[in-house]
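To begin, one chain is listed below as structure tokens, in the form predicted alone.
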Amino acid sequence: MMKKIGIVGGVGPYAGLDLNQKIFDNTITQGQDQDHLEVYLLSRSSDIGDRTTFLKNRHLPNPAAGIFRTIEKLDRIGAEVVGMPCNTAHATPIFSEVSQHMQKANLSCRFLHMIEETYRYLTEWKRIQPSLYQLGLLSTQGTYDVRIYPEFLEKDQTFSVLYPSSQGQQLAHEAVYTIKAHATPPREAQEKLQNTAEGLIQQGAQAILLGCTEIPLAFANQTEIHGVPLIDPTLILARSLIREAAPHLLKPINHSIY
């Protein structure tokens, strides 16, 4: 039996499309439409407030309520395993409230935690490359401020998360919101992210975490910078959703870091 996949879209909209495509790209098929998994994408941006804005001002409505309403709709139409392509929305003040709403509503679908899945992947990679330790993070200001990634990656001193300089962080945040406004990432945004990533590499980063789901759009078809691997949590989430829905259809990847 193959489970149906649900995507919480709209956070941002192009990130939802990116996750959907990566699910299709990582599914084994025989070239027929009918071979693909059933995927429900609900993009409901107007009901989900900006996550960084909320984390900076907790008096505002929590985006968790809108995220839950999207998951509830996905559950109602049959989604059995759900993913949300937004790193900042996995911050504890948001994600924990979503989980509470789901428990109270007794939803039957399983909601994967993208950061936990990224940690799971990185620990598996570390078994192959034990020297992997310092991870550079590109993210929004919200993800930076609440330290979502260190919460998971630095437990048991498994990894160390390196942050950009204050100027680099500002450039990365600006680039993310520029990408949100365009179907194709502008060159200016790409250059800001590239420069910030190079700064992290100079600090000693052994891999770069693309810690906002708009950022992989700027590095499309690029797997490294100056030999340093790029880690795409959206791709990891896509593969995790396939693993939970139909593990026999998860396509092998030849690239050494996936």
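Remember, it's a predicted structure, so these values are computed and weren't measured experimentally. Throughout, we count residues from 1 along the sequence that is shown.
The same protein also exists as the form predicted in complex with a further copy of the same chain; that form is not shown, yet it is the one meant from here on.
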Residue within 4.5 Å of a further copy of the same chain in the model of the complex by heavy atom, from L37, I201, I28, A65, is L37
Note to self: I have G10, K73 and A181 flagged as a candidate spot, so tell me whether each of them has a non-hydrogen atom within 4.5 Å of a further copy of the same chain in the model of the complex.
What the structure shows: yes
Partner contact check in the model of the complex: of 44 to 52, 202 to 210, 227 to 235, 189 to 197, the stretch with a heavy atom within 4.5 Å of a further copy of the same chain is 44 to 52
- Item | L250 within 4.5 Å of a further copy of the same chain in the model of the complex, heavy atoms | no
Check: Should N20 be counted as a contact of a further copy of the same chain in the model of the complex, where contact means heavy atoms within 4.5 Å?
Finding: yes
> Can any non-hydrogen atom of I77 be found within 4.5 angstroms of a further copy of the same chain in the model of the complex?
Replying inline: yes
